[in-house]
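Only one chain is given next, in structure tokens, and it is the form predicted alone.
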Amino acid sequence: MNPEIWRRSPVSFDRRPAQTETRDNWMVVLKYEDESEGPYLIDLSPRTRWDVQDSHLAEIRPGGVPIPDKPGQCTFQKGILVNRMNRTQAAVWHLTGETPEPPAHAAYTDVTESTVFLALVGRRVFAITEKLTSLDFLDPARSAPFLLQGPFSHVPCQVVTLEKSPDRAGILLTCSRGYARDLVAAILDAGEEFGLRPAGQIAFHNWLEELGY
């Protein structure tokens, strides 16, 4: 990576960072000032994301992780979340913070810088999402993690329910980066009555550890 080229997240919170680091030319916020108990909205945009399109997805294993058979299914292994979108397409999200290079295969496209990536985690998460979408993140017929695709605050999104338990609930969502400002503003406004606040990457790592990932 050219050290003179800075990569910038489309997300900007009105909070003062308490701890940051530079990672692969991204300025990553590890912690914000005044991070009390959640729920939290966390910017994961610097984390690597790939789009995979091929007519033979069963033969492709991103990072050694199998792509699920059916749309809506997800596989979470080795810190990699693989989401089956349709017959020929899957999304690959690297949740550990590592930045691997895309494999030398025509099926892969790196979409990290063209999209926004957010986590909404903690108590009352689904009370917040009810104000923003009709997507059912608590579908009793589906076990987490699972993928839904549709409007979230009127924005076309991919959304994964990663945990449904009330105290540690959480979703991950991504969409085109051009929607970032309005989407973040809508989520924070919907979550104000529940104490929703921005948090840094450390809070996300702690949440994953609590879930046993």
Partner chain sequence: MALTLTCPICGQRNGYEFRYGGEEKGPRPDEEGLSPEDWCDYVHLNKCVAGIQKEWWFHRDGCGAWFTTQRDTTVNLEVEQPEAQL
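Note that the structure is a prediction, hence the values are computed from the model and not measured. Numbering follows the first chain given and starts at 1.
The form predicted together with the partner chain exists for this protein as well; it is not shown, and the discussion that follows is about that form.
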query: Honest question, do Arg61, Pro68 and Ser143 all end up within 4.5 Å of the partner chain in the predicted bound form by heavy atom distance?
result: no
message: I'd like to check something about Met85: if you look in the predicted bound form, is any of its heavy atoms closer than or equal to 4.5 Å to a heavy atom of the partner chain?
response: yes
query: Even though the partner chain is not shown here, does Pro166 get within 4.5 Å of it in the predicted bound form, heavy atoms only?
result: no
query: So in the predicted bound form, does any heavy atom of Leu148 sit within 4.5 Å of the partner chain?
result: yes
query: Looking in the predicted bound form, any heavy atom of Ile80 within 4.5 Å of the partner chain?
result: no
